[in-house]
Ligand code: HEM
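Coming up is one lone chain in structure tokens, specifically the form predicted on its own.
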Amino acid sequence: MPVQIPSDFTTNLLMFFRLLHFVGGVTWLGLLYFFNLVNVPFMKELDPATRGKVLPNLMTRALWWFRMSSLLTVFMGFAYWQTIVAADAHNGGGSVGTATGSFFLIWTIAWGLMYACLIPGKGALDKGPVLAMIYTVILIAASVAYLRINDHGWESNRLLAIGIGGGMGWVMMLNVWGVIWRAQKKIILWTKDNALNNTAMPEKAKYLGRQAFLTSRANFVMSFPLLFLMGAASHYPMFGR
């Protein structure tokens, strides 16, 4: 059977968006799993001198790919999702603005609430299980809010599943840039200076390191419902029509 390549521009453009989304996602989540499953326990086993030599070079390179792949994944996925939203709105006589605007509003607020819980860095809010319970409540509330706001009858399962799963991806990207990278770039500089000049690590390093760890662990856990919802969009009808 001869291979037939689609010739229309839109089909090829959307396939290009999906390809970049997949490549970015594999890179981003691959590094996320590496950090949580391999790098964190490995770094704990190193003595301070060795850690000072290994961490700056390793994390500078790894976090560059981590940050860039998060942007590629989210924005290529968003571009593709917008075609789904537009098609559903056109077929159902609805509005693209509601689905898109509520996406950014709800999930950005969710990120803000999660970050606010992380800032104190002491007491119960420094405990992983406590934050996990709070984050779960926030994510469920955000998901329910998104479903209720976008319950007009014309929204498809793909629109809603990606609207929730992609929302978690948006939160994860904000975590990468707004929490993990902000903390790690300082820790990298301090660790390098400590190794080269024997300068004492600032007291704030422990606080920022804990922030980055808890946020990375939250992203690790969120990646599982995110991946489920991405798969459910076309293969597991849960929402809408």
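Position 1 is the first residue in the sequence shown; the rest follow in order. All of these numbers come straight from a predicted model, not from anything done at the bench.
What follows is about the form predicted together with the ligand, which we do not show.
- Shown alone, this chain has one stretch from 117-125, 89-97, 158-166, 137-145 that lies within 4.5 Å of the ligand in the model of the complex by heavy atoms: 158-166.
- The contact residue chosen from I149, L113, I84, L131 relative to the ligand in the model of the complex is I84, the criterion being a non-hydrogen atom within 4.5 angstroms.
- Among A62, A195, A205, L29, the residue placing a heavy atom within 4.5 Å of the ligand in the model of the complex is L29.
- F224 falls outside the set of residues with a heavy atom inside 4.5 Å of the ligand in the model of the complex.
- Among heavy atoms of L20, none comes within 4.5 Å of the ligand in the model of the complex.
- Using a 4.5 angstroms threshold between heavy atoms, V74 counts as touching the ligand in the model of the complex.
- The ligand in the model of the complex is not approached by W154, whose heavy atoms all lie more than 4.5 angstroms from it.
- In the model of the complex, the ligand lies beyond 4.5 angstroms of every heavy atom of every residue of 188-204.
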